[in-house]
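Here you get one chain, nothing else, as structure tokens; it is the form predicted on its own.
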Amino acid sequence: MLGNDLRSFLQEMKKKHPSNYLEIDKEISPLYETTAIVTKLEMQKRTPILHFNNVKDTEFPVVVNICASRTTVAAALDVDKRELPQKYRDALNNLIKPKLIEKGPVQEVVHVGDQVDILKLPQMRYHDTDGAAYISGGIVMAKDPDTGAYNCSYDRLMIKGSNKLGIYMTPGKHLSQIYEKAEQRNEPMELIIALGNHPAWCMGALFIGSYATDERHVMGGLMGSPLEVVQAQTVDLQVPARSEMVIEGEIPPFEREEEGPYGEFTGYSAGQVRRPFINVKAITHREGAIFQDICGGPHRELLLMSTIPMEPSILDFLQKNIPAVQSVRCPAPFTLFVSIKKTREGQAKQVLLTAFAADMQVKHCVVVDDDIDLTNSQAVIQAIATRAQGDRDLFIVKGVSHDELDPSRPEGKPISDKVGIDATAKPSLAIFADKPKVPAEVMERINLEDYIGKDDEKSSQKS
């Protein structure tokens, strides 16, 4: 495990993986410039951690790309990247409750009441369609008023002034359900926003599963030790003791203000809508706090952060219901690939229906045989092309609850048609047409350098 909080993780990464850590001293503007650097690096297929020490108009340094590569997240959890899914599933089977301590470094500096000024934080704008500066790298925590279980999630936060934030809570997700309970009681919903978190906490906050599961327990499972928490200053909640910064506040019931637009993970800008807002009551932080950010829009970190926990969570759900399921992959927003070792007719369709129930964001699902490498999208497309017939193997479930950020949904309705494709061999893989292949003995015997030389081999790779 690299470190036990964000700053110790960064120190370990800088020391042990310097090629994946870039510290930048040149002044940079929070207005689009960090996103421009992230974008240019992604065009080169690079996703290093970026630590900006000199950000214009703020005292706080900014760090991005903490969870932008499987290699980085795996290093944080002390496993190989191929072991990440199993590491996550192990954590789900070994949950560890938080540990309440008397005081923690996140409250070394305390601002309450009139001292609160969100405008002193980095005012991050990512794209030209964003309606204002946003906070996108914070873990929002609230607790169910009946059970006391905490929900942790990532929710975009629009800076609306010195002590007010707009918030987008995905309808149907757990945080919005807690807010609905608060409104039924005509009470504000208290919450905290933790900024500057170890990658294990980030992955734990993104758990996809039961409403009753307290994601802080998943964080503990991933770390192998309890998440240390302290009592908040102004709300009846516990906050991570070793986060870099915490924002405390509450969302009043039945009040709405304009929020958005904002460039989302779908690659499109979500428009302006009247939504709830947060009245900020306190900001606490460590001495020399680091502001953790996630570039909004379809950038690698935002996409990967949801994928890493989503895949093992969905796989766990599917395998508990259908043991024939072998693996899953989320290659794009709202899309799921599943491989199965098919044992009977109709099993692929059963998997498709179960996958739609696993998470409401699954909109398109493709089931293939276990000889298909799910990490190779071309192989999945080939299976659709050669093993599926539209009238037999494609089915549609109309008007199912779905993420309202999907730009293709019917206007004003958070629903979508779910599309399932059975791309397994019919009637079974065992008697389906053989795949042509070069004999293994020949593949092992042939050395390219003996025939085309090193220089020719390199030039052919570049093309």
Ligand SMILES: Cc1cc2nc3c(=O)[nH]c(=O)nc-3n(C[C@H](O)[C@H](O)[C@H](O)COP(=O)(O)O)c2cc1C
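Please read these numbers as outputs of a predicted model, since none were measured by experiment. Quick note: we count residues from 1 along the sequence shown, nothing fancier.
We do not show the form predicted in complex with the named molecule, though everything after this point is about it.
Mapping the unseen interface onto this chain, K81 falls outside it, with no heavy atom inside 4.5 Å of the named molecule in the predicted bound form.
Taking the partner from elsewhere, Y126 is found to have every heavy atom lying beyond 4.5 Å of the named molecule in the predicted bound form. Looking at K173, you'd find a heavy atom of it within 4.5 angstroms of the named molecule in the predicted bound form. Remark: R216 does not count among the residues lining the named molecule in the predicted bound form, judged by a heavy atom distance of 4.5 Å or less. With the named molecule left out of view, the stretch that reaches within 4.5 Å of it through heavy atoms in the predicted bound form is, among 116 to 124, 220 to 228, 207 to 215, 276 to 284, 207 to 215. Contact annotation: of the candidates T234, N94, S153, Q326, the single residue with a non-hydrogen atom within 4.5 angstroms of the named molecule in the predicted bound form is S153. Comment: the named molecule is not present in this chain, but in the predicted bound form one of Y168, F356, Y179, F334 has a heavy atom within 4.5 Å of it, namely Y168.
Interface residues of 309 to 345, taken as those with a heavy atom within 4.5 Å of the named molecule in the predicted bound form (partner not displayed), are absent.
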